[in-house]
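For reference, the chain that follows is the form predicted alone, supplied as structure tokens.
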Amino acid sequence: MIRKLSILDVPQALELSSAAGWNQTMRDWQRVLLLEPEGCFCLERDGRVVATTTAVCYEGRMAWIGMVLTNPDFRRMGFARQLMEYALQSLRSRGITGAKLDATEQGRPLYAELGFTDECLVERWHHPLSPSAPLTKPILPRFPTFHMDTIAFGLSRGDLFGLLREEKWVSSPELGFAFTRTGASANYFGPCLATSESNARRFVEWSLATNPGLPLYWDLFPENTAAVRLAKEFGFQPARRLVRMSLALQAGAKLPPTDPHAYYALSGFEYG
């Protein structure tokens, strides 16, 4: 049976992401449900959540697909396809114009069969032990400048940033902004938008100083060569490669294009 995922299902959903080795915490699952209670679905067998798919919608126009997970004991039974088809039909019925996602190597063939096309590459970089180095030039927090994200992403994600602000973040109208948050296996650097590579370096320094001695993930666009340079400079190593894909859900719909050079760090595979 396919139904909406609820807050009460979060412990079971967390078991799925943990079994897959993903980095989401219970709070990540809760945030997704708070952002889009109408777009989170699960497939239930004998009262047990065995597969999930989420679709966070921005401005009621574009959905971000994430958390496509299946219990290892129930794989190769078509559950991911059933949930994806159900979620996409739900989005179409709500008038959502398009959807995007970051596809793993395993998931990409399914998404291609459903009509998704490639946009660009996404890479996850990893630092096993963040150095405890002092900031060369501390950033003085100022009022949020998240409007930069609206320009770069093409849609407002104010609700997302409202929830992420419970984590650690820094923002300056001259520099940009950056977040870091707790993860299941490694803390996470991102999202980060910066007005220059030198300013992005300050945000990376801030993130490392905020997570001393802890493993850290950093998702980036490999086309952003400045972000890659910084990742290498600070000792990060590439760990995974995914493909960003998109799908128009309504005839003639145009989705905001991805600008790989706008972001120094992404928001996470469940947020875009």
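The structure presented is a predicted model; accordingly, all values stated were derived computationally and were not measured. Start at 1 and count along the sequence shown; that's the residue number.
The form predicted in complex with a small molecule exists for this protein as well; it is not shown, and the discussion that follows is about that form.
Engineer: Does at least one non-hydrogen atom of Gly107 fall within 4.5 angstroms of the small molecule in the predicted complex?
Structural biologist: Output for Gly107 is yes: heavy atoms within 4.5 Å of the small molecule.
Engineer: Within 4.5 Å, heavy atoms only: does Arg94 come near the small molecule in the predicted complex?
Structural biologist: Residue-level check for Arg94: no, no contact with the small molecule.
Engineer: Find out whether any non-hydrogen atom of Ala103 is located within 4.5 angstroms of the small molecule in the predicted complex, and reply yes or no.
Structural biologist: Result yes; Ala103 sits at the interface with the small molecule in the predicted complex.
Engineer: With the partner left out here, check for me: in the predicted complex, does some heavy atom of Arg76 sit within 4.5 Å of the small molecule?
Structural biologist: Contact check for Arg76: yes, within 4.5 Å of the small molecule in the predicted complex.
Engineer: Looking at 259-267, 19-27, 246-254, 6-14, which stretch has residues with any non-hydrogen atom within 4.5 Å of the small molecule in the predicted complex?
Structural biologist: Going by heavy atoms within 4.5 Å, the stretch is 19-27.
Engineer: Could you spot which one of Ala231, Leu69, Val56, Leu216 gets a heavy atom to within 4.5 Å of the small molecule in the predicted complex?
Structural biologist: None of the other options qualify; the answer is Leu69.
Engineer: Can you pick the one in Ala87, Ala80, Leu175, Ala186 that has a heavy atom within 4.5 Å of the small molecule in the predicted complex?
Structural biologist: Flagged contact: Ala80.
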